[in-house]
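Below you'll find only one chain, the form predicted on its own, shown as structure tokens.
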């Protein structure tokens, strides 16, 4: 990987490491390295007479781990990131999933594996199943399985020395945690320390390290590969969260430059706070909608605090994952309604269940030739009408508390829109018959993430109330690139002219038909492409709450119509857009 242009030339003799920056900002401090969480466990067969006692040893370790996680969640201080409590609960639920516990006990009984061997064997099966999932968020949940297994292994082995040795780094100022991965429970143990950044070998934009780091607004670089083996306790590190760059033991000249950058960034953060409730209007008076993406109901408060005008994407998968039974209508209704109440009249866009074909919700494993192109999202929902009906009923009931927009994912055919609308009408009719409060007049939209709908967008736009472009999947399908595959991830290109033309076409049709179009993929929160998106005519952005103010600042400094002329000219010539030409 070539270094970012913003890297000082003076650092040519400094060790530079790269990964995925998930939280903007700079950190300067000393490294504290967490020992490997993956334990080397003995593999041996037990005697038949010991099967029952070995199973009991395993279940007691599971019970102890669940108890520890529950105690941590109960003891969370008031200032802890609210995501931590939910993530600890998810890990506790995973440990009670029959796919894990019963299968391990079965391996102990049938193959006479010792508990550690049985647990790692079953864990590998589950992690591989998650790795095949197309959705990045769901794929990252394989890390949850790995983390809870490692935690049980620690209990089985009696090992407790996996956290960094803070006494080994005798310095003032920030400490930078370097780890293979950081589980929510480990993150809880690390709270209260003077940590300035988190670096991990594993993980992506939706890993728990990224989620919690965003909530703490702490710079983080993930997916670095071998950072834990290349960095030692006490090394001086510079972390550039924007460029995903880590400098190891930099020279004094480089250190001074980054200290200046860090000070300037902190001043900018203070200035941005004044924009929280300022209108997102371009220099030529174009009003831009600024909304937030959330994954947990508790995050709605963060969106509101950041000045979001609504929720542009609420992923409902969190209710369905890490459990052996489907969430009830009442459980779903309470979750959706809590977000609607928090947003106090601002619109809330809830995406119906987006889950793939490679693992069904009841834990039954299926085999799909290509999960990315299989029975997932709207296809899965229409194939499971009872489950879909329960979710739609819950959504319509929650709409009685405020405006809800229902968003259908992975739509590629008009008949899917018609079928989904019929399902919504049936759910409303049942609620009327039952006399339950609801609002059937919800707006209905579709994710534009498959090239087919983007190319033939007109009839879809006419049949829907709004459109939401999911750039993550759209780019993946247009370029036939799995960005989770390290062999081809470098070819994943948001700026490819074909991608931009499809986005522009969707926006133009929506504008012509009077249908709102927004982008809820990662591009919406990337301040480096904000001007380019304005040049495509985009007037609706939805992103992580932590990204809202940066993007809003860029919007308020831009002249939308002038940008549209520049971008249209480049697209007409089929040229790659030079982002530097769009600067003020």
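Numbering follows the first chain given and starts at 1. The structure displayed is predicted, hence computed values, not measured ones.
Just so it is clear, the following notes concern the form predicted in complex with a small molecule, a form of the same protein that is not shown.
The small molecule: the contacting residue among 472, 114, 282, 352 in the predicted complex [heavy atom, 4.5 Å]: Of the listed residues, the single hit is 472.
Interface residue in the predicted complex among 105, 399, 502, 447, criterion: non-hydrogen atom within 4.5 angstroms of the small molecule: It is 447 that has a heavy atom within 4.5 Å of the partner.
The small molecule contact at residue 317 in the predicted complex, heavy atom, 4.5 Å: The answer is yes: residue 317 has a heavy atom within 4.5 Å of the small molecule.
The small molecule contact in the predicted complex: residue 148, any heavy atom under 4.5 Å: Close contact is absent here: in the predicted complex, residue 148 is far from the small molecule, nothing within 4.5 Å, heavy atoms only.
The small molecule contact at residue 213 in the predicted complex, heavy atom, 4.5 Å: No - in the predicted complex, heavy atoms of residue 213 and the small molecule never come within 4.5 Å of each other.
4.5 Å heavy atom contact, residue 540 to the small molecule in the predicted complex: No, residue 540 sits far enough from the small molecule in the predicted complex that none of its heavy atoms falls within 4.5 Å.
Candidate stretches 332-340, 472-480, 225-233, 282-290, one within 4.5 Å of the small molecule in the predicted complex by heavy atom: Every other range fails; the passing one is 472-480.
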